[in-house]
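Read the single chain below, which is given as structure tokens and is the form predicted alone.
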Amino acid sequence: MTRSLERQTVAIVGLGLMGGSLALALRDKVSSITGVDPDQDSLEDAFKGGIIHRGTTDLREGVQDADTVILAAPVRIILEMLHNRLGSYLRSNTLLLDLGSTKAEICEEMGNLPIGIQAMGGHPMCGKEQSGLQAAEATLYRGRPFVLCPPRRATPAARIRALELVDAIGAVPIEMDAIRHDRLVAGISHLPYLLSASLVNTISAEGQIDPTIWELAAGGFRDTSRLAGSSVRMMTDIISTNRTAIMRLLALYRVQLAILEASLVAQDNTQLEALLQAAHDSREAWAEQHLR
């Protein structure tokens, strides 16, 4: 039988921003939290700060007695753990949840876990510009969407337990299949990052010709270039596991740029204004519903 959440032991693998924030959000709602991280200093900081009850650098030791195991690591590391016999370390009926930013490859690997492991793919739609345990906060997930993607052989019990955990941290569950998830986040997360990086590279090239461009850069450049400051390693992991969806959107984006360029070449201000107005209206409609 599954223990109620308040009686469960939880292992969180990865004590960065996401894992640390999850531990803070759960620490008064579960029996105990074990942190698993290769960085001994992070484990000691988390223990001294009362974020975890115990910590270890050994994956097997950290997860083998847990009722719930949460993988809060970069996508490629999650895939490596799943591929390298993580399932053999877990007890039957353990809930295994991940926080990876792409889901198709992870859910495919989860489908190969031993029968009895209650697996569910997860992706909380939240974050901060800062990274690491020092940036963790208990309210990071509160009110934010938390996508749940069932892998092959997912059970009703895994769904119920995952929903209970999402509710405990104050997030809003959204259930969908992994391929649809990856297609959607390619548009609202991965494409914006690549466009931001491309913008910075473009201005950097211009800066080689006239460095004063950096002195003139202000709010518009700051806002549109912010994503380019994200962790390159993290974003490379994410993008490399969602290539097809991203390439499709890049092709669509090139079409939009070509239409804008054609309007400029033709000096067609009417068409240019119509294109910009459509973008303005769509953005305002989204902001009215989701930001205000």
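Everything quoted here is computed from the prediction, not taken from an experiment. Start at 1 and count along the sequence shown; that's the residue number.
There is another form of the same protein, the form predicted in complex with a further copy of the same chain; it is not shown, and what comes next is about it.
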For the spot marked by G16, R54 and I77, is every residue within 4.5 Å of a further copy of the same chain in the predicted complex through some heavy atom?
no
Can you tell me whether K48 touches a further copy of the same chain? I mean in the predicted complex, with a 4.5 angstroms heavy atom cut-off.
no
Taking 4.5 angstroms as the cut-off for heavy atoms, does M176 touch a further copy of the same chain in the predicted complex?
yes
Does any part of G229 reach within 4.5 Å of a further copy of the same chain in the predicted complex? Heavy atoms only, please.
yes
Heavy atom of Y89 within 4.5 Å of a further copy of the same chain in the predicted complex:
no
Just one of 59-67, 39-47, 253-261, 26-34 has residues with a heavy atom within 4.5 Å of a further copy of the same chain in the predicted complex, so point it out.
253-261
With a further copy of the same chain left out of view, choose which of A135, A157, A168, I203 has a non-hydrogen atom within 4.5 angstroms of it in the predicted complex.
I203
Heavy atom within 4.5 Å of a further copy of the same chain in the predicted complex: which of I117, A104, L140, A197 fits that? Just give me the one.
A197
Relative to a further copy of the same chain in the predicted complex, which residues of 268-283 have a heavy atom no more than 4.5 Å away?
N269, L272, E273, L275, L276, Q277, A278, A279, H280, S282, R283
